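Just one chain is shown here, as structure tokens, and it is the form predicted on its own.
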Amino acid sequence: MKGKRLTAYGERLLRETPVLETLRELDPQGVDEALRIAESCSEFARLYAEPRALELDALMERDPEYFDRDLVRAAAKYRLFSMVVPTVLGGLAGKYMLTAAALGIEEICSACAGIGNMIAATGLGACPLLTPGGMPHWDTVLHEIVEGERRGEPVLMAYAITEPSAGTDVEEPHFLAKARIGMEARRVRGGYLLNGRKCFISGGKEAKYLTVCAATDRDRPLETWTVFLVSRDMEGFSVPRVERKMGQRVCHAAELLFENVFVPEENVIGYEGDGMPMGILSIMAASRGPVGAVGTGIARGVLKNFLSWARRKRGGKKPIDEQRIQMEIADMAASIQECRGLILDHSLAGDKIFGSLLVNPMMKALFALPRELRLSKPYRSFLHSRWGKAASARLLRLLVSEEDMTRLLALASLAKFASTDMAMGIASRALQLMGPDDSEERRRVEKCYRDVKVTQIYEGTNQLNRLTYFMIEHEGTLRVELPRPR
């Protein structure tokens, strides 16, 4: 079965990704939807990200707190902040949500990884709300993201897990059990008081909402790690510092301070103590693949600018006429294609889980109810109650297996460390070949070199991602456990 006639962009992308070309024969409507999202990201990258990449990088070296609201509004016109919001709420996340996101992020990051990360930070912040425990906030926070885009006033989110004394430690159960946790959530009447700091939080300075992980007992962080929804207008919340960064400068890395921030009971995402499986591992299983796409996008940007540089005459001849340069270009292209395959393996495996959930008849029936009813006090009280949370947990366990989620985490970690290490190697090699050239192409490659380094660090260092892959695939000591009804 053939789909509608493709654009030139769609035809090129299918040529570069034969697996999608084959899949389109089976599901033209679903694949074409993903291609349209990727094409929107490509157009945004061409018209907005690439022309301003070097300018914003230099500007934010001088002023790390600068925030370009016009650029954010431009991204909203393309609906880039609702790529993770389910279509039942008016967002773009449908059957192939992870595939569309990976393709789209790669396009934007091929122009500027800082701009790509600034956009992706909202998607990452929203991810915990996509778990069953976050469902009570679909008609409020996720709806607000969609409506904000339509008004041209984007609603941004951030995901806050890293602490000054615990970075990679909080992303793996064996390490979290021994981590030095500084932040604590203390139960009080009607909710919790959050005290402590989070650091290096992408998009944290401008985010209206944050999903925050904290232990309710710092001596037992693994057993008490819990996810909270925090609004920036809550009393006691502040952003004391924005880091001066080497790369990806367009996306702020902020320090967040919580001083007796009261978070009501209904802002606990899922169950208390379920933060590791649902607030970390399930999120990493979805998000590490797209981080690999960030790396692949950066590598594409390197190759594009290296090609442009090599085609210009220098000393009376073009570098691209030399066979050694031609072989280097072939090696770069091969590495990019290999890693794109790993990313698509992860994305399509994830879409089998998450995409199927979003188009499940039960989910469609639930959101076929009038929104006024879904916002009513009895309905919301049920969702926030232990009976509502138990029903959500049962639904998740009915539709998703722990084996599939664990396998997805392994694929995500593999795609992440392989792709970002590849991009670091390509950027380094290109700079060596270009030498001390003062062309715009070399300045863009040098920016890619600075941008790519952090991709080997965030979403778990690449060393941790290697261990995660090994523990799942070869040792069998790591498993994603879904919440059980309580």
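Throughout, we count residues from 1 along the sequence that is shown. These numbers were taken from a predicted model, which means no experiment stands behind them.
Beyond what is shown, the protein has a form predicted together with a small molecule; the following relates to that form.
- Within 4.5 Å of some heavy atom of the small molecule in the predicted bound form lies at least one heavy atom of S202.
- Using a 4.5 Å cutoff between non-hydrogen atoms, L467 counts as a contact of the small molecule in the predicted bound form.
- Contact annotation for I161: at least one heavy atom lies within 4.5 Å of the small molecule in the predicted bound form.
- Taking non-hydrogen atoms only, K245 approaches the small molecule to within 4.5 angstroms in the predicted bound form.
- Of the stretches 75-83, 330-338, 371-379, 164-172, only 164-172 has residues with a heavy atom within 4.5 Å of the small molecule in the predicted bound form.
- Screening L433, L47, L54, I457 for any heavy atom within 4.5 Å of the small molecule in the predicted bound form leaves a single hit, I457.
- Here is the short version: of S439, S428, Q29, T461, the single residue with a heavy atom within 4.5 Å of the small molecule in the predicted bound form is T461.
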